[in-house]
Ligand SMILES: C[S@@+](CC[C@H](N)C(=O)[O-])C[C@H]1O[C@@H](n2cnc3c(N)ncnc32)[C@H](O)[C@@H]1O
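Let's start with one chain on its own, the form predicted on its own, as structure tokens.
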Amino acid sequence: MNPPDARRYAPATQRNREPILEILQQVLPPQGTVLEISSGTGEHAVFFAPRLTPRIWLPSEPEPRSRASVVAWLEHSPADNLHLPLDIDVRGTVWAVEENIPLESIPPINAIVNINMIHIAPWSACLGLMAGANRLLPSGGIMYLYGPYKRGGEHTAPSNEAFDDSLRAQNPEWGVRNLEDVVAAANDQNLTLLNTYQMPANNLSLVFQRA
């Protein structure tokens, strides 16, 4: 009897992975290690890694079932530059990657990628992400964020407003964030917004650089 397949699926991944890859190919440093925060199912990791060589792709995911999905996807679609996921909760003052993890064999982390997390998490997760990026990234390092945002406190589309309502109904601490609040939190941690890209389904790509 075959063991159960631990892979999980997020329909949005199929829709957004190509547009996100196009931006990543433009903005990521040409080499080094990319730390993915909140890898979710792992579908993005196995899609991006082989297409972003020679960069190393290092996934992370705090939720055990999702982390098992990442591992299952890696086993299903291995790549030489793709590593097993770390257990990182961005709200921690020290991330696993900062501890005694055997990462000497890979280049230093010079980019962080975070897709569809900060609206499905407490605001403290956004603050923790910015603080961790400040600690980890070198001067000139890149942080990439993807997801829906409000601008000037207003939703940019009715679909985003409905999505925001559904998120807050699940958890009052969740919700679509104000772009200006996210940028201010980044600025507090030595991260400057370089570019904003309009993406499909009323999402944005944000590219920050560490001072």
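Predicted model, so just to flag it, every value in this text is computed and none were measured. The first residue of the shown sequence is 1; numbering continues from there.
Although not depicted, the form predicted in complex with the ligand is the subject of the following passage.
Report yes if any heavy atom of Thr13 sits within 4.5 Å of a heavy atom of the ligand in the model of the complex; otherwise report no. Result yes; Thr13 sits at the interface with the ligand in the model of the complex.
Taking heavy atoms only, is Leu84 within 4.5 angstroms of the ligand in the model of the complex? It does not: once the ligand is placed as it appears in the model of the complex, Leu84 has no heavy atom within 4.5 Å of it.
Taking any heavy atom pair closer than or equal to 4.5 Å as contact, tell me whether Ile112 reaches the ligand in the model of the complex. Because no heavy atom of Ile112 falls inside 4.5 Å of the ligand in the model of the complex, the answer is no.
Is Leu137 close to the ligand in the model of the complex, meaning a heavy atom pair under 4.5 Å apart or at it? Because no heavy atom of Leu137 falls inside 4.5 Å of the ligand in the model of the complex, the answer is no.
Which one, 180-188, 154-162, 27-35, 56-64, holds residues whose non-hydrogen atoms are within 4.5 Å of the ligand in the model of the complex? Of the stretches listed, the one contacting the partner is 56-64.
Consider the chain as shown here, without its partner, and state which of Leu74, Ala131, Ala125, Val97 has a heavy atom within 4.5 Å of the ligand in the model of the complex. It is Ala125 that has a heavy atom within 4.5 Å of the partner.
Check Leu194, Ser205 and Arg210: does every one of them have a heavy atom within 4.5 Å of the ligand in the model of the complex? The answer is no; none of Leu194, Ser205 and Arg210 reaches the ligand.
At a 4.5 angstroms cut-off on non-hydrogen atoms, which residues of 110-129 are near the ligand in the model of the complex? List them in order. The stretch touches the partner through Ile115, Asn116, Met117, Ile120, Ala121, Ala125.
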